[in-house]
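What follows is a single chain, given as structure tokens, in the form predicted alone.
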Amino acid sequence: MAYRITTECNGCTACVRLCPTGAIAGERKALHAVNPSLCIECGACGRVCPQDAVQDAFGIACRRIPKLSLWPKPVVDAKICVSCRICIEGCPASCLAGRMDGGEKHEIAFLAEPKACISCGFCEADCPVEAIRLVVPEQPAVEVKQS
């Protein structure tokens, strides 16, 4: 079942710009709508919505994560990855790729385009050997100036 946009939508278009399938339509400053036949239930629209105007298929409001840098990203355990490529082929944002890592005899999946990742978690859910987990990237320490 598709996500739904409520009347709290202010038409900012953030969800339109982020949706990997083009499932969201609407004019600027007007209520947007999700095309259920295109929605893949990735939840990116809910994570980016400043109005908390997106609900999942169960009517639960999606939790906004204000900074893209705080969205969880996939981390692949190279010792477990079996090079099946299911994560790479299933990624709706095409942010994963495979590469030969030092000493490995097979290709290992990795996050090739971190800024393109929408934190959908499909890679983690689809991995048959649980080699992928989503982790919030470490943030750089903020230097506090003393007065």
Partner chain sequence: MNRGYMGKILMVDLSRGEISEEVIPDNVYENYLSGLGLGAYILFNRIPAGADPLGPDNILGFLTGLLTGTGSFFSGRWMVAGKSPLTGCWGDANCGGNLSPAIKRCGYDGIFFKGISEKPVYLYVDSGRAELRDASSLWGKDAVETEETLLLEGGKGARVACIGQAGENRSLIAGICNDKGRLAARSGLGAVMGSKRLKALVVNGKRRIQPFNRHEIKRLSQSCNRWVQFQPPLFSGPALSRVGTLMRLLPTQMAQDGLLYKFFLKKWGTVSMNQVSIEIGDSPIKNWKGTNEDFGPGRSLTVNPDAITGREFVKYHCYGCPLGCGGKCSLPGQKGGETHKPEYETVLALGGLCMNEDADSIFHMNEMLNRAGMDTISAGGTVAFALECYEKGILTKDDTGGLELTWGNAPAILALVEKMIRREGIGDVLADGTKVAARRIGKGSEAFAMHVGGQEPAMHDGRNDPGFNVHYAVEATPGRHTIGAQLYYEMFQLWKEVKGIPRAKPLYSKDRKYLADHEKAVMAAACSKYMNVANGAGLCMFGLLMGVTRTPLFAWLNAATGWRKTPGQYLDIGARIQTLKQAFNIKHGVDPRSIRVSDRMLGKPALPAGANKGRTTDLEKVRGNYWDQFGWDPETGVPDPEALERLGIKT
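Numbering follows the first chain given and starts at 1. Everything numeric in this text was worked out from a predicted model, so none of it was measured.
Here the subject shifts to the form predicted in complex with its partner chain, a form of this protein not shown in this document.
- For the candidate spot formed by 52, 55 and 70, no residue has a non-hydrogen atom within 4.5 angstroms of its partner chain in the predicted complex.
- None of 62, 34, 111, 93 but one reaches within 4.5 angstroms of its partner chain in the predicted complex through a heavy atom, and that residue is 93.
- Put simply, of 136, 25, 18, 125 only one has a heavy atom within 4.5 Å of its partner chain in the predicted complex, and it is 125.
- Residue contact with its partner chain in the predicted complex: residue 105 places a heavy atom within 4.5 Å of it.
- When contacts are judged by a 4.5 Å heavy atom cut-off, residue 30 does not count as touching its partner chain in the predicted complex.
- Contact annotation: residue 78 falls outside 4.5 Å of its partner chain in the predicted complex, judged by heavy atom distances.
- In the predicted complex, its partner chain lies within 4.5 angstroms of at least one heavy atom of each of the following residues of 73 to 87: 82, 83, 84, 85, 86, in sequence order.
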